[in-house]
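Below, in structure tokens: the form predicted alone, a single chain.
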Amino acid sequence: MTNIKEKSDPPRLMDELKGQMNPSFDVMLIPLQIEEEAAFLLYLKTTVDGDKLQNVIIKPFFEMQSAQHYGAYIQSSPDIIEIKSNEKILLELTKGSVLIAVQHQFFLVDVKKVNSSSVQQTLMEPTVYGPQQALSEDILTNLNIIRHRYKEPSLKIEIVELKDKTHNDLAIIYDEKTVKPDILKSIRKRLKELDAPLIQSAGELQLYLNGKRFTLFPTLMLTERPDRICYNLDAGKVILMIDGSPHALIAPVVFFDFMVSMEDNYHLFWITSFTLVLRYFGLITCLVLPALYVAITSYNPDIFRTELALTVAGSRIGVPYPSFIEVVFMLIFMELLTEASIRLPKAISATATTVGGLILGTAATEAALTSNIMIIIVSAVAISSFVIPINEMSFSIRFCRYILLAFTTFFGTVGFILGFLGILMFLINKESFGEPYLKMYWKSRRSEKGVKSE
């Protein structure tokens, strides 16, 4: 066996790079040598795929006739990366590349280990009909899924590298035929100006791209469904995907996009129309019902019919405080139950929240801390808030509910009307990458794209 000291010395560049990465335990600088032919590999053991390294990089060296042939073989690899600078080499080594030195030439080959390429089932946006598979955490797997579903030559994918400490790849995906150039330019500009220390998920990227630090309504949509991505690509929107995140961002979006479920595309027209009406009814109920209860019971009980007014008044006998405190008390506990159902393990969350809600509601009614009608209203509000298909919009509406409740508590029915108009005006003035947030698609899709009818 040849002693390691008798082998050729590694190139100076590799020694320097290894010195910069020391004292990391996983830095490997190994020689490959047969007689006078030699090559050197530098990589991080914890980031590379061991099998791929052995079969694609190491094994061919001992099968080739000469180092020159081995260099030509490495140069023809589809995973080869262009070497621009020493800093670029260091960065690529941390991502899972291996630096190969052969006959005074250096090659950088991607052999990264991917442990997160498995495609997940839909969790955030489940449907009865339609595809059940979601995205994965590996960006190349996600791009493969999109390419498999959207086979248009006009589909363009640009890869940029984030400037934060993760240096993750970010894919900008659009259909060249349908995308609006101004929107694409605006997104590119905002990504270029991005200044964040660490971005690890699409949700985090969404916060930085919203444009304003304090914003209530999302201007990008977070999705996990490949079919929603394809529909939006066809509609001329831009998709952003970040490596390591199983979600994608859609931009621009308008308010009404958040009320559409993917299942709407798989049902018959009248069924879809009926579910859409139900969804908007749930939206209005979730937003206005608590404030409306306070406005009518505390300020204008004469709006009710006499029998109903007496029923409401009878149910509140013994409740020691005004209706708005009763409403806030019950809504806060409902929010706590919702949060608990999300944070608890799945095996006990449903049981714990159901039992907690039943016991809390019964005990609060028997203790005269709240009325029976209030329990009905809170239950209706809770159910209604869950019919909004996209969670981000559901959270925004839940927050707006308290704003409307505050206006009504201080100014009565007039405050309720002013608060509702204020929320409406806020939405009218809001934009998503230049698109009006309350834009209604009364035009046909062909008309919006500027396609003239023959």
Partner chain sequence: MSRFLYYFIFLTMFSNIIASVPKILLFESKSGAIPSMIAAVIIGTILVYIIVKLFNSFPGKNLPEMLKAHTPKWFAYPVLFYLFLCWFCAGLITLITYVFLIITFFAPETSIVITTFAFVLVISFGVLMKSRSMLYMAEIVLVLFVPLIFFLLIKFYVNPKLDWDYIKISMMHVNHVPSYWAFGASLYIFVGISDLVIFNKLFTKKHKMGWKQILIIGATGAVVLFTTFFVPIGYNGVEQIANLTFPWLSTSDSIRMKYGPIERVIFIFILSFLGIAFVSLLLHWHVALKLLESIFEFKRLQWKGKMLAPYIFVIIFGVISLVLTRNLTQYQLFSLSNYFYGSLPIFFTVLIFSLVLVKRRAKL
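If you're wondering where the values come from, they're calculated on a predicted model, not measured in any experiment. Residue numbers count along the first chain shown, from 1.
What comes next is about the form predicted together with its partner chain, which does not appear here.
Every residue of the trio 407, 411 and 429 has some heavy atom no more than 4.5 Å from its partner chain in the predicted complex. Residues with any non-hydrogen atom within 4.5 angstroms of its partner chain in the predicted complex fall in just one of 148-156, 70-78, 305-313, 261-269: 305-313. Taking the partner from elsewhere, residue 438 is found to have a heavy atom lying within 4.5 Å of its partner chain in the predicted complex. Its partner chain is not drawn, but in the predicted complex it has no heavy atom within 4.5 Å of residue 31. Although the partner is absent from this view, residue 424 contacts its partner chain in the predicted complex, with a non-hydrogen atom inside 4.5 angstroms.
For the chain shown alone, residue 417 is a contact residue for its partner chain in the predicted complex, at least one non-hydrogen atom being within 4.5 angstroms.
Proximity to its partner chain in the predicted complex, taken as a non-hydrogen atom within 4.5 angstroms, holds for one residue of 300, 103, 362, 273, which is 300.
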